[in-house]
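The form predicted alone is given below as one chain in structure tokens.
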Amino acid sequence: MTDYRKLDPIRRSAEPLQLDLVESYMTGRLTRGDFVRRGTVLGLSLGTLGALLSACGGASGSSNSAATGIGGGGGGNVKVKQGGTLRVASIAPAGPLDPVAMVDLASYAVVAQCYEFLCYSGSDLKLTPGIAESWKPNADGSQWTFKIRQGVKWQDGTPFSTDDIVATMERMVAGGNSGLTGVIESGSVTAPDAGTVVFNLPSPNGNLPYLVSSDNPQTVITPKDFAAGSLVDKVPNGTGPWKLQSYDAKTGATYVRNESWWGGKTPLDKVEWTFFQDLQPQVVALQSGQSDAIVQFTVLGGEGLLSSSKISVIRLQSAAHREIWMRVDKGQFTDKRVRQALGYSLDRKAMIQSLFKGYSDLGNDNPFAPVYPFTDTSVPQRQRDVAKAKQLMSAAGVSNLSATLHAVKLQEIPDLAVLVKSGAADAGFNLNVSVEDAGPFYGKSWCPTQPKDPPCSGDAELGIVDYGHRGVPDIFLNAALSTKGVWNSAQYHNPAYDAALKAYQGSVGVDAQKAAAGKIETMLLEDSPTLFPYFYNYLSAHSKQFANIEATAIGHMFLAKAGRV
């Protein structure tokens, strides 16, 4: 039963978008979990959300949650010992540690040990404070105001200021390598005083806090005078809990405690990262005790970790996925019927079983994963249909299409490429699989730095690239699929899609978001510039000798509260 004596005072002080959220929950259009997650995006504190749940007749369950984000110590609550070193096994970063230009999960994790975000997106999709203590939108989501934490210092001893945030966002606009393209413009972000940053958007956006959180790794806050193109290992600084002591791109990194961190003293003295080129040595290192944690592993090759009594496994349902792109501007995939045919040739259920033993959700050739509350599940799921694939190929006047399928040498992707090749053969595709190391794949086949216009115009007309999890699909929709998107390897260009994306970004209410999602899902199934076979569960692991290790499905491992039990 709703307790209006508790509810009404909160509603009177709420913003219009927050009121829409409360009404959606009260009328049963949102689950309890989705209500809490969406509430954190709109700036409702966990205490307020707990009070709302209590007033609506449910246990609060949220009011005692940590007040700071993952990077700020919002992880586990197990009592741990002071001192010691944690040894982490990780794949090697694919390129230089340029916080604006980085594109791979390994780089994200390494950089985020030292540098922090305005807010943090947790494994449960809830947003928690970081450099920003709180935030709220105006009536239509076209302006967002962030209150900034005071007393923060850079690791070189200089005071942190709101000017650092403004300068970071200007670099985001200039670099174009994030989901903020088209969301903010030069001059959009201002600092009216020492404790406030305001985002004045060219059009409403209901998900902005996610886009300046750990879910958008390029938005780590760097100093005002941080020059574009600088590498964080060459000019190490940051505001985070760890200071970079040494770094070698091939072998690893060492971090020591930042004694002046605003979040307090970390239990651990030091963290050592060891880089590997392949998964199996990482698994062996953890099993043998040479490492204490592994950032990410897969079911194939990691079975021993799943069954070990000495290992704690973190399993997260996520939007992490593999994207199969086809160039729509030139080559053999310009006819959408050919692209649709390849989509119908995929045996998604077999992929999930053979690659993940079921630890995955089906993909429907769009970025709206089942984990998102506004995904429109009424859009029909694309199934394997070889007869239809052949019919589409015949209608397009194509038979025995031969092409090279480029795949990065990462986790299960080479095995996925083989399954794509096998299934496609039944529909008349003759695919040659080319498995490539990260450097040449990302820098040549997928998204080379040149030409800049159009961006992401790689050599490959067909390939498989990895995408880490995000709390909302905005970055996938924008960077990977919008016209001249910085990661648009398909070179997809459809004005109707761009308009639908703009409508989705401006859909700040719950019902409006779902309606906009359904329109995009249907459009992408029709055009099929990219295929999304599955959204896999993210797996991380660590020795049970350690606790309070926080992993997120975009590749981050936050260790501010980690320690030996």
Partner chain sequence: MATGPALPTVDVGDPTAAVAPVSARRAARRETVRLLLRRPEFLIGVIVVAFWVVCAIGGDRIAPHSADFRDPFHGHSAPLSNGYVLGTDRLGRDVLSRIIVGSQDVLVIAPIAAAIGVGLGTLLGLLMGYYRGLVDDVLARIVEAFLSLPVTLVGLLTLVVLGSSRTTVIGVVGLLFAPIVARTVRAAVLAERELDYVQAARLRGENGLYIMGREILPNITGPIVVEFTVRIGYAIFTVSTLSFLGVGLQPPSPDWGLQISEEYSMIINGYWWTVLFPSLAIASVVIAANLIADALQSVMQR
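What you see is a predicted model; the values in this text were computed from it and never measured. Positions refer to the first chain, counted from 1. If you superpose the two forms and keep the largest set of C-alpha atoms that fall within 1.5 Å, you have the rigid core.
Below, we refer to the form predicted together with its partner chain, which is not included among the displayed structures.
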>> Under a 4.5 angstroms heavy atom criterion, identify the one residue in Asp269, Asp163, Glu303, Asp459 near its partner chain in the predicted complex.
In response: Glu303
>> Using a 4.5 Å heavy atom cut-off, which residue among Asn430, Ser260, Asn77, Ser422 comes into contact with its partner chain in the predicted complex?
In response: Ser422
> Thinking of Gln280, Ala350 and Val418 as one candidate spot, does its partner chain come within 4.5 Å of a heavy atom in every one of them in the predicted complex?
Replying inline: yes
> Would Val328 count as touching its partner chain in the predicted complex under a 4.5 Å heavy atom rule?
Replying inline: no
> Does the 4.5 Å heavy atom contact test between Gln287 and its partner chain in the predicted complex come out positive?
Replying inline: yes
> Does Lys452 reach its partner chain in the predicted complex, with heavy atoms at most 4.5 Å apart?
Replying inline: no
>> Can you tell me whether Lys234 touches its partner chain? I mean in the predicted complex, with a 4.5 angstroms heavy atom cut-off.
In response: no
>> Using a 4.5 Å heavy atom cut-off, which of 386 to 394, 260 to 268, 353 to 361, 106 to 114 contacts its partner chain in the predicted complex?
In response: 353 to 361
> Can a Cα shift of no less than 2 Å be assigned to Gln287 between the shown form and the other one, given superposition on the rigid core?
Replying inline: no
> Does Arg257 show a Cα shift reaching 2 Å between the shown form and the other one after rigid-core superposition?
Replying inline: no
